[in-house]
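This text opens with one protein chain seen in two forms, each one given by itself as structure tokens under the names structure 1 and structure 2.
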Structure 1
Amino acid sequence: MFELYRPGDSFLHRMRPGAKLLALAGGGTAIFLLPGLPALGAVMLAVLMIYGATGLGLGAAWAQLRPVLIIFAVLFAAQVFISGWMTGAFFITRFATLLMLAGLLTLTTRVSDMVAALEHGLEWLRPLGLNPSKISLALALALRFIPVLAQITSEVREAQRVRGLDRSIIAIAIPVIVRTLRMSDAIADAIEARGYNPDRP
């Protein structure tokens, strides 16, 4: 589950990790600056076309959204209640597009390449007393953990639904927290076993 990379030979697979990170940052910023739902819908369509062009397919795009559908439903209902359905649709479409855009990065970039790109880009922080290696690893792990945590939550919810506990927040939250902590320990052990030393030049 830690490595979400899907091998391929598309233009996005061949693109440098640093360029993809900059494109994600720029695209995410642009999405928040779009004025209305039609423009946002056009961007979402373009992102879906990129999924097709890279060989990932629409199934991969759907996989980025499926674990958070319940959250989207709650947020949409809240926005409809406060501001109307147009605002709710705009809000959900924007975040769905952002998730799919981030998915393009994680599905076409190896973890090691992403860490190396982040470390190189953050090298200017070293004179300030900050270690770029630690920061880049933390950011890369955070990017990977988002879909993994969504998948864990989905699995726990399905298991608790069989027991009739799917409506209990506590019954879902506690197993998710326990599984997340166990996975964190496993990843920490794996990093240590490989001799990773962020303080080594």
Structure 2
Amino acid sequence: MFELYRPGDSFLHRMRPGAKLLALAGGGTAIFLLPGLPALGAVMLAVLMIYGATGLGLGAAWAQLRPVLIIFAVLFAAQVFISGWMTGAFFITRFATLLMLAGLLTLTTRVSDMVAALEHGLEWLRPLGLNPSKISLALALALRFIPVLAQITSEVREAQRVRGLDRSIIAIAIPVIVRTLRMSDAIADAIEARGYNPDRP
């Protein structure tokens, strides 16, 4: 499966996903409550040390920030303009620390383990009338069909290239969506033909 997970066997890799989520929630809240830049800096250093200790490395920490560098730059500039350098540095450090902390969960947990943890957690919602088996099926279907739709999208683009339309969102989106919707009846048939009953609790 295409995912952001990095294989390894550190203590974080071995920790249960539910426990990691709780730790992340606690850590995230704590970071929000930290009052000043020095305290934040210390926490950031600690997070970076965990990247080292788990074998993920500082490159992996940097990779969490790289996609949002432009957004950070814009936000920093806005902060400096509105409230000054110190405030700007404080907010950017806070976002960076949070992103890197959250990255630890994503990088050390397989999607399949997250799905299992989620399904386990959803059992608690059963009394509220939520049917975990439907949610599991929806998750599985989405994971199954993301690569299929990516494939269809690239096929349609290839076909439209001949007509010079491979950069036209309209010329690509319409056939992709029409194919997707036509598939959905066949998929629903296939699911029911294999004995799935949506109304079973």
Partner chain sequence: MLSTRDIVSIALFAALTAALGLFPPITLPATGVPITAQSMGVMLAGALIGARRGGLALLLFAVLVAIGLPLLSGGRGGIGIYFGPTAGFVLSWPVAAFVTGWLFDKHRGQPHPALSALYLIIGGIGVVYVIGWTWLAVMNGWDVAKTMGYALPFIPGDLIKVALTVVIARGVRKAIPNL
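In this text the structure is predicted, and so the values were computed from the model without any measurement. All residue numbers here refer to structure 1's sequence, counted from 1. Throughout, rigid core stands for the largest set of C-alpha atoms superposing within 1.5 Å between the two forms.
Q: Given structures 1 and 2, which represents the form predicted together with its partner chain?
A: Here the form predicted together with its partner chain corresponds to structure 2.
Q: May I ask you to give the angle in ° that the smaller rigid part rotates through, relative to the larger, between structures 1 and 2?
A: In whole degrees, the smaller rigid segment turns 32.
Q: If I align on the rigid core, how far apart are the two C-alpha positions of K134 between structures 1 and 2? Answer in Å.
A: C-alpha shift for K134: 6.5 Å.
Q: Following alignment on the rigid core, what Cα displacement (Å) is computed for E155 between structures 1 and 2?
A: E155 is displaced by 20.3 Å at its C-alpha.
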